[in-house]
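Next comes just one chain, in structure tokens: the form predicted alone.
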Amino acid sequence: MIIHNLGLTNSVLNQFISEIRDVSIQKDPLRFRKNIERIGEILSYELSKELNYTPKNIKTPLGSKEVATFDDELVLCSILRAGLPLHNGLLNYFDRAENAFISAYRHHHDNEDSFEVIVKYLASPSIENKTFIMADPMLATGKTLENTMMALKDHGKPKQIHIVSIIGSTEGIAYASEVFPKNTHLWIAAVDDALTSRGYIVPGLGDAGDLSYGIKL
């Protein structure tokens, strides 16, 4: 896996990351969602540098100009529900992309630490020979990403896979690196070292879905 850790370079991205981690700022869900969206836009810009481009002649009111625009057919896949604000940030930049949505959640057996990731809903176009971009804000164990790709196996084989996450664990990134093709790109804004026994990133930021849309039963 090709890892692009944007948090290693100082930029305005660090400001947005600090705000989504801050327990006092997290009390404002609108600001939380907007910061997730803005982080998605920054990651989209960096990702766009890896797409394929062809010069095209563009007509303007006063003449014409050759401009390189990307040719890739994109499919953006959001893992519900936490992935929605991140998906919006990607869609702001890749506005002509096709879209896929999948619901995946952790089922803890008898409330124990062990869990399985269950996929309940999937809506996706064909991803055959397309550039497939997966939006999952928290890359904790990597199992949700793995199960998402397994659920999509009947929708075709993409020519390129990009994973877009905000915060990941070193363990989850290592796991994803094992189960995804070697030429998969991971675009991530911060990497934390630890996971709890229940698979949550430490220090992380908490539950991105709950912070965006409210606590679930």
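Start at 1 and count along the sequence shown; that's the residue number. None of these values were measured; they are calculated from a predicted model.
Beyond what is shown, the protein has a form predicted together with uracil; the following relates to that form.
Asks: So in the model of the complex, does Phe16 come within 4.5 Å of uracil, heavy atom to heavy atom?
Replies: So Phe16 does not count as contacting uracil.
Asks: Closest heavy atom of Asp207 to uracil in the model of the complex, within 4.5 Å or not?
Replies: Residue-level check for Asp207: yes, a contact with uracil.
Asks: Is there a heavy atom of Ala140 no more than 4.5 Å from a heavy atom of uracil in the model of the complex?
Replies: Yes, Ala140 is a contact residue.
Asks: Can you work out whether Ile20 and uracil are in contact in the model of the complex, taking contact to mean some heavy atom pair no more than 4.5 Å apart?
Replies: Taking the distances in the model of the complex, the answer for Ile20 is no, it never comes within 4.5 Å of uracil.
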